[in-house]
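A lone chain, given as structure tokens: the form predicted on its own.
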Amino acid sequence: MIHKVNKAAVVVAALLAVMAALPIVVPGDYLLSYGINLLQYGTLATAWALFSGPTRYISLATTAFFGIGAYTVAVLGEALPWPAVLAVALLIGALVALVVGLSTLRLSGVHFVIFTFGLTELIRQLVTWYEVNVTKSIGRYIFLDMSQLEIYWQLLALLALALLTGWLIRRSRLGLALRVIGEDETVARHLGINTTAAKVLLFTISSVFMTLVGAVMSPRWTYIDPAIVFNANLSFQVLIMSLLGGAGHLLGPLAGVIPLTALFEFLSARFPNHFSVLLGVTFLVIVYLVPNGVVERVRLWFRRPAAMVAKEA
């Protein structure tokens, strides 16, 4: 088992190393831009699955934390060194996640989904109100000396860190507690598991990664406003990608990110006025055809012959 785990970890590490060298070996603006999109969605989907995968809580707060990271850079990007800006974004994201988690993670099911969706709209309206009434300007310009290649490598580092964090959590007592919570939260409480503390901790870790992705991505746009960085479509895209690949597996979300990033780019370029409708259709098709994700379907497909052989024996 240990050998198997180490082998998988080595393969993932080798793939990440190849991705790090790819923009240098095969230079090109389009390839680099596409790679940034892949890494953005890959990190967001992996972070989303850190919390929603084991607990089965469907969160639509991805956009809220992404926007918080982007606006932190817009406000502090020219006042502080880049590492300090990221540290402030991390602290703000963690603080908001703690407050939200402590006040809402007693909810479950559709109530939690609606709250997280409303959270994004609430933060967007608060930022819009502040910009209109205090700064008298709805948007902000971001002029940071940061190349596309630097953004690519930072996103790749975040993805590697998110995968490592997920790998460690799955092998910890926290990971076991979250799996029990996902199966039956009432049983988890009867077993003595502090379900609120476990959920809040993981919700905060997941949200911090989302906040940092927003911070790293913001210099790419030069100009941001609340409608851009608090676009609710992002939450649904990340959700669909995670469900397609399989939120219950560490690498499952990445299996959904790769094909859907290409599909969403095609749809947004060819059908910009109907993108939201097509996004909804994609969501329905995925939920109907592969409710547990592609990775789970493939795993069962490989296991089925072995079980049949064992039964026959």
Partner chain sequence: MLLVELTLAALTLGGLYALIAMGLTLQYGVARIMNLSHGEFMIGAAFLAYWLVSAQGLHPLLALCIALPIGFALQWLVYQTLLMPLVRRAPSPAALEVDSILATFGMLFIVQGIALVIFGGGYFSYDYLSMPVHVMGTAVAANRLLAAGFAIVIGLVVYVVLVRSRWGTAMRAMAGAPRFAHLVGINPRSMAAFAFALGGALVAAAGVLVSMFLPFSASMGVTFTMKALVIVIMGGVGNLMGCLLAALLLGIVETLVTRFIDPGLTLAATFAIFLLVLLLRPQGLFGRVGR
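Numbering follows the first chain given and starts at 1. Predicted model only: the values in this text are computed from it and were never measured.
As for the form predicted in complex with the partner chain, it is not shown, yet the points below apply to it.
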field: Candidate site T135, W221 and F266: all three near the partner chain in the predicted complex by heavy atom within 4.5 Å
entry: no
- prompt: Hey, in the predicted complex, does V26 get a heavy atom within 4.5 angstroms of the partner chain?
  reply: no
task: Answer with yes or no whether G118 is in contact with the partner chain in the predicted complex, where contact means some heavy atom within 4.5 Å.
output: yes
query: Just to confirm, H111 within 4.5 Å of the partner chain in the predicted complex by heavy atoms?
result: yes
message: Within 4.5 Å, heavy atoms only: does L260 come near the partner chain in the predicted complex?
response: no
message: Which is the contacting stretch out of 65-73, 30-38, 276-284, 246-254, given heavy atoms within 4.5 Å of the partner chain in the predicted complex?
response: 276-284
statement: the partner chain in the predicted complex has a heavy atom of only one listed residue within 4.5 Å, and of Q154, T165, T204, T104 that residue is T104
message: With the partner chain taken in the predicted complex, which residues across 54-92 come within 4.5 angstroms through any non-hydrogen atom?
response: R56, I58, L60
